[in-house]
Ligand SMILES: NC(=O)c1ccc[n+]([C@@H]2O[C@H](COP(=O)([O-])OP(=O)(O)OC[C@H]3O[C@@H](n4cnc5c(N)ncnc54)[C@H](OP(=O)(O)O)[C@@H]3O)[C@@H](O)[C@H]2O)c1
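Presented as structure tokens, the chain that follows is alone, the form predicted on its own.
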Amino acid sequence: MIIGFLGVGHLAAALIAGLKRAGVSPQAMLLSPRGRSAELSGRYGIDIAASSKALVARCDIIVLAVRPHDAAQAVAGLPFRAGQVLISVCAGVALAELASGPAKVVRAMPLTAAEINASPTVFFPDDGAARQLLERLGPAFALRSEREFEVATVNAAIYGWAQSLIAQSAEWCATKGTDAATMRQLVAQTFVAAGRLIAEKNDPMEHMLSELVTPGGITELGLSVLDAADQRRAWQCACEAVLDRLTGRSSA
């Protein structure tokens, strides 16, 4: 099975690194002649197709990783065939915009943590070949509808916001005279710990948080400051803004 990358930018580079880390041979991957293809070919020994048409002709799975506004044009007129799977990782591009003849089209939203095989990736519709590929990059979640997929794709923005919070927290610690490298690791691992506990326990999240919020304690104090700043509303507004962009209700 040959996996082709139609579009070779930052996200594709992370996926390629993760697949190689998961044991996928460079000979089982093929790059389109654009973006970072020359760099990644030199780094991993992956061949570059002569053209997008040549890439589609040779591959069984094609990962579409171009800019969203280029997606429809990028697949137009290519020689897709029955039995192929086109996996689009282009945020906000609906299945209806990706007509590819007899090939099956799947939308997916991996994160750059795919590079270390730690990306929680949503995809729709469910497909065995797509699932098998995505599970090499981290946990994969097949969703029930394209609308559910759009809502879940907001998580790709939350991923960046979480990194921003980690950076801000670590930088604040460093301004107090702590070792910056140690604080980076400590804060990052704190976020990992919080996520793992929620992911691996079935207790209601509200109950788990209530156990942490000791009356008069530091968690309660910090949350009261955040609540006073209406952080919950700001967070929800940010999520709604991203969803509006993804579903075409906003061009801002």
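Numbering starts at 1 and runs along the sequence shown. From a predicted model like this one, the values you see are computed outputs, not experimental measurements.
One more form of this protein should be noted, the form predicted in complex with the named molecule, which is absent from this view; the next part is about it.
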Are 7, 10 and 33 jointly within 4.5 Å of the named molecule in the model of the complex, each by at least one heavy atom?
-> yes
Note: the named molecule not shown here; in the model of the complex, the stretch from 188-196, 222-230, 34-42, 203-211 having heavy atoms within 4.5 Å of it is 34-42
Candidate from 114, 105, 133, 109 lying within 4.5 Å of the named molecule in the model of the complex - any heavy atom | 109
Just give me the single entry in 137, 122, 89, 86 that has a non-hydrogen atom within 4.5 angstroms of the named molecule in the model of the complex.
-> 89
If you check in the model of the complex, is residue 74 within 4.5 Å of the named molecule, heavy atoms only?
-> yes
Going by a heavy atom distance of 4.5 Å, is residue 60 a contact of the named molecule in the model of the complex?
-> no
Applying a 4.5 Å heavy atom distance criterion, does residue 68 contact the named molecule in the model of the complex?
-> yes
